[in-house]
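In the block that follows, a single chain appears as structure tokens, in the form predicted alone.
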Amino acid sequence: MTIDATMVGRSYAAAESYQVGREKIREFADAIGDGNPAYRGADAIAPPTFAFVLGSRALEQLLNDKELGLRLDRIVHGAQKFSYIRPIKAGDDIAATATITAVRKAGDVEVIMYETALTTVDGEPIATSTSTISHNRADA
């Protein structure tokens, strides 16, 4: 199946919420080489790109939608930006939902734009990520 405009609006919730721990924040900061003290300690906040870790759980659901027929080996991740209402912090329990916002086709390449909303499990908005992926359906 190819991607078309009827798929705009489909939403994919992460299977589980993510309990943000200060050690996970520190490990992420270390992995990206950022020694900012705000990313350490009992009141740690997460680096801005930590939101991808949380949103990737919803993206996984989108990528596994059999009706979309996407193959991971044919996907290129394009643009991504984050908009924050407040920082992600240790102790947050975050839910993620990805929603397809636009699609277009250019030959064998399908371009899918999606937005991932991050909220606490109580519904407090935290951040939004806007992303683009390209999927090539050309025969291998």
Partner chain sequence: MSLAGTELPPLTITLRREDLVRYAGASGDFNPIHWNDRMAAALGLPGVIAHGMLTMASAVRVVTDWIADPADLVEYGVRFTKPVVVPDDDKGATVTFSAKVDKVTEGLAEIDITALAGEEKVLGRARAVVRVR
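Quantities reported herein were computed from a predicted structural model and do not represent experimental measurements. Numbering follows the first chain given and starts at 1.
This protein has a second form, the form predicted together with the partner chain, left out of what is shown; the following refers to that one.
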Note: exactly one of G78, G41, G91, G69 sits with a heavy atom within 4.5 Å of the partner chain in the model of the complex, namely G78
Practice task
Determine whether any heavy atom of R10 comes within 4.5 Å of a heavy atom of the partner chain in the model of the complex, and answer yes or no.
Solution key: no
is_contact(R22, the partner chain) in the model of the complex, heavy atom dist at most 4.5 Å
no
> Heavy atom to heavy atom, is A31 within 4.5 Å of the partner chain in the model of the complex?
Replying inline: yes
inquiry  = Taking the partner chain as it sits in the model of the complex, is V103 in contact with it (heavy atom to heavy atom, 4.5 Å or less)?
reply    = no
